[in-house]
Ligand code: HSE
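Presented as structure tokens, the chain that follows is alone, the form predicted on its own.
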């Protein structure tokens, strides 16, 4: 039985809507082995949403579609799924399942596609590469997708950065979060975001992290999703007061992320936890480092 681990991911990073994402050191696990026929799926951890244990399971469906794509019969499989990435919280849980399914199918089929090839397939399945790219490649990745291909660049970010992940006790369906967005935007808002996204990438590459507060500002999705995440503006203001370099809504939400430096992580966590305990809803704060390797098959 082989073991795959896939990191959590955080999409958009503010201004990089549907294009920029980062992987964190928080993981889903999948063990898989071929059987003669059928599908046996075991889910090791309970979640708010019931995970299917039949052929509608997202990992299994991804595997079946992969075998269909390469023109090979789908074998019987036994899958053990153990998720530590919270569901419907904007941390790439669906992308993690898709990536795990692709990697398992790639191994069982004998195709042995490269990470680059798998990244191309995953981006097409997802429809945007901001979660799937960092899940496969690790680190912070900028990607662009058209009808033919996906292009990407992995960015080396400063080693002294950590990320304060603030996960609330309420879910937010991606379809609802995307459905609230307008179909068209003003030219001034498009210019606003393109300049901030460029500043975000340049600042991470050069280490000019004092730019991040401006660079993570956004007018394409966060202002519209704010109504779906109670307390979002106040939490951003508190994070800024406690020394965060920048804050943003992770993916479709409702998780919020603040960028901090390693030397202030403990103090930030104490102050932020105190603040979060004083507002409605329950928030879980975790300080995470980026995962730089991406999804991989490990021994055991």
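Positions refer to the first chain, counted from 1. Please read these numbers as outputs of a predicted model, since none were measured by experiment.
Below: the form predicted in complex with ligand HSE, not depicted.
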>> Whether 17, 128 and 131 jointly form a contact site for ligand HSE in the model of the complex is the question; each needs a heavy atom within 4.5 Å.
In response: yes
>> Given a 4.5 Å cut-off on heavy atoms, tell me which of 227-235, 248-256, 271-279, 29-37 is the interface stretch with ligand HSE in the model of the complex.
In response: 248-256
> Is there any non-hydrogen atom of residue 87 lying within 4.5 Å of ligand HSE in the model of the complex?
Replying inline: no
> So in the model of the complex, does any heavy atom of residue 174 sit within 4.5 Å of ligand HSE?
Replying inline: yes
>> Taking ligand HSE as it sits in the model of the complex, is residue 178 near enough to touch it, meaning that at least one heavy atom pair lies within 4.5 angstroms?
In response: yes
>> So, residue 11 and ligand HSE: in the model of the complex, are they within 4.5 Å at any heavy atom pair?
In response: yes
